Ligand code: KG4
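Heads up, the chain below is alone and in the form predicted alone; it's given as structure tokens.
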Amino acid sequence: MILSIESSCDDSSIAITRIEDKKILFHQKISQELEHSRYGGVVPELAARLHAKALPKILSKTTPFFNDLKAVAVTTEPGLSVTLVEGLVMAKALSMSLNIPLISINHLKGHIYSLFLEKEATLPLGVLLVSGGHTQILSVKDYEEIEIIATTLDDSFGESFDKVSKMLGMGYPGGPEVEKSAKNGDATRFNFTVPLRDSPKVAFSYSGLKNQVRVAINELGDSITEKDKNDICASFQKTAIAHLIDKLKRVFKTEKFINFAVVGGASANMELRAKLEALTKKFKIEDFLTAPLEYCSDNAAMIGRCAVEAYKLGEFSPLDEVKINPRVNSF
């Protein structure tokens, strides 16, 4: 079995995965959303302190598995440096005390393998990764060969939802709040411009769209109503997704994917899933894959599933060499 640890942002999570059949034997995640909601976003130092309390509590429940562990895996990149350290310190301690190897896992690669929990991977495939920190189109050939086809020039898809929610005085995380509000809104009321629509560049940008929302909110001023907020959310969500679809159309004309998937915390957006499913059908892509909703956001189960592949390839990390890499955008 492999014990995996995830602490890249504001979710403390540990899982136990059986190597032979990828079965998840244990998984627990403690979210910090309530603690960070009052600030409208993640406070790194607070997140680190909460990890220091939560991770040992979860770990104490996994001791019955210790005799069967073959490795310990941990997220080391990308993420918040102060929170990544919490997981790495625990992983190193377990590696030394149990005399088992350590596996360093790229958090983004973990999201890809959230598609294949408790089953074999279906590769190659194209992937849209949308999260609070990243927006990327990937060509995944196998575990070791992942090509970034497009990425964001500034803000990410998920981050833009968080910022819009904060500007409207709504909750954190912003994705679910904006999606919920959008269901009651008129998506045609605000004519927000789709970013880079006339640009041949295959890339993403959400800073301009976020600014359009800010201007609309400022124009409404103190008289803004609940209906106004719903209409802004609906119009924003429609435009944010249209931007993804517009660039994916360009990619699909040149990249002939047999299968395509969406992963990451923001992939839980049901409107996005519906638009992507329709698009893949239009381009005659055989299968559209999604991760289970409970495993879209950061979790140790996806890190453990990814670690099974690394274990089979013998990709272990010497304790004196492994380190965190908070800002890495590659694989």
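The first residue of the shown sequence is 1; numbering continues from there. Since the model is a prediction, treat every value here as computed from it, not as a measurement.
Another form exists, predicted together with the named molecule; not displayed. Remarks below refer to it.
Q: Any chance 176, 265 and 268 all have a heavy atom within 4.5 Å of the named molecule in the predicted bound form?
A: Yes.
Q: Quick one: does residue 131 come within 4.5 Å of the named molecule in the predicted bound form, counting heavy atoms only?
A: Output for residue 131 is yes: heavy atoms within 4.5 Å of the named molecule.
Q: Can any non-hydrogen atom of residue 87 be found within 4.5 angstroms of the named molecule in the predicted bound form?
A: No - in the predicted bound form, heavy atoms of residue 87 and the named molecule never come within 4.5 Å of each other.
Q: Just to confirm, residue 260 within 4.5 Å of the named molecule in the predicted bound form by heavy atoms?
A: It does not: once the named molecule is placed as it appears in the predicted bound form, residue 260 has no heavy atom within 4.5 Å of it.
Q: May I ask you to state whether residue 195 is within 4.5 Å of the named molecule in the predicted bound form, using heavy atom distances?
A: Residue 195 lies outside the contact set for the named molecule.
Q: At 4.5 Å between heavy atoms, only one of the stretches 60 to 68, 276 to 284, 45 to 53, 297 to 305 reaches the named molecule in the predicted bound form; which one is it?
A: Answer to the contact question: 297 to 305.
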